[in-house]
Every structure is written in C-alpha cells, then in structure tokens.
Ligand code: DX5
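One chain follows as structure tokens, the form predicted alone.
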C-alpha cells in the first residue's frame, strides 16, 4: 500500500495550526519533518521543525517521519526523540564510516523509533545495501536536499527500481520512501519504480483540497 508523508517545510507562517489540523483531517499518513542544520545542507530549519513537531505531538496522534539532514546526527536523534516519532531517518553521507552508521541505527532503536537511512542523488544505491537488514526504510532523495519545490531528477527512477529489485531478491521487508519533486505528474512513475512512501510538500500545501490530492497521490495504478 502506498502511503503519503506530507512535508511541512513550506507551511505558511501564522497558519501552522490550521494547516496541521487540515492535514490530519485529510488523512495524511505521516507528518514529514525536514530537519536541516545549515551545515549538511544550506538551509537551517532546526528551530522551526522542533517547534512544529512539538506542537503536532500535542494536537495529533498521527505518526511523525523525522528526516535529519544534519552533520551532528547523534544530537539530532536525541533532540527529536522527545516528540516520539514513528521513524527517524539520517543520511549515510553524514557518517564517516560503517561503525558510525551502525551506532546511529542502534541509537534510534534504543530511543524507540523505527530507523530510516537516506541517500542523496549522487550516492550510489549499492552503498546502502549492507545496512538494509538493520533498518526499516530507505529514503531516496530525488532532488538535492535543502529546499522545497524542486523538480524531480528522473535519473533517480532507475535507482528506485534497482533498490526494489535488490530488496525482493534478498527477501527484505523494507519501505522505500522517495522525497523531492513529488506531484501528480511524477507520483505514478515513482510508484511504478517501486516506492511505497511518497514525501510531498509543495504539491499538497498549494492545493485547495488536501484530501483530494493526498488520495490521488496515494492511488495505486
């Protein structure tokens, strides 16, 4: 089943509360929290995302999907575990070696969340294979991380397919999440390639009817 994780990165200032309520009513599967530190990526959303996620936790029981685009993964895990997210995803590129990757995976599990591992567009999919037996999800970035509203890099479709084939061959139970440039035009291709969780922000938040677009994005072919 395809699930939709709504990125709240471009929520209009001053309209946060009504937007979060509307997204819950529209039955998004997850709130996607894009945590950026201004170092790993240019933008810095740390403070806002902590504020938003704390607020969401007070008003909603919907699962939160925390995407750490940060250099200091350890602190990110500590800080955002406080909002009891369903899943915390960190970037392979933020780790210097295998030992560090495994340490973060363990840390997230100890904090009671599921584990996701993310890769940027230029990282080869094979680099993530050895960690797949230990995680719940692999997030493929289909744009350069750091800002919303970008266009999906179509070369990434082959990467999604490759990962899907590998997962099936190894008989692993892992979600494939795709983030970047997801809209009604690109969603069918991404789902066909093998993704089962789609992160969409701009496409949902500019719509007049959240439920309608979430349902359409979710629709199986």
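Positions refer to the first chain, counted from 1. Source: prediction; values computed, not measured.
As for the form predicted together with D-xylitol-5-phosphate, it is not shown, yet the points below apply to it.
Choose one stretch from 51-59, 159-167, 34-42, 189-197: the one whose residues place a heavy atom within 4.5 angstroms of D-xylitol-5-phosphate in the model of the complex.
After filtering at 4.5 Å, what remains is 34-42.
With heavy atoms only and a cut-off of 4.5 Å, decide whether residue 19 touches D-xylitol-5-phosphate in the model of the complex.
Contact check for residue 19: no, nothing within 4.5 Å of D-xylitol-5-phosphate in the model of the complex.
Heavy atoms within 4.5 Å of D-xylitol-5-phosphate in the model of the complex: does residue 141 have any?
Residue-level check for residue 141: yes, a contact with D-xylitol-5-phosphate.
Would you please decide whether residue 112 lies within 4.5 angstroms of D-xylitol-5-phosphate in the model of the complex, comparing each non-hydrogen atom pair?
Taking the distances in the model of the complex, the answer for residue 112 is no, it never comes within 4.5 Å of D-xylitol-5-phosphate.
Contact between residue 75 and D-xylitol-5-phosphate in the model of the complex at 4.5 Å, heavy atoms?
Residue-level check for residue 75: no, no contact with D-xylitol-5-phosphate.
Triple contact flag 89, 106 and 174 to D-xylitol-5-phosphate in the model of the complex, non-hydrogen atom at 4.5 angstroms:
Checked in the model of the complex: no contact with D-xylitol-5-phosphate for any of the three.
Going through 5-27, which residues have a heavy atom within 4.5 Å of D-xylitol-5-phosphate in the model of the complex? Please give them in sequence order.
Those in contact are 7, 9.
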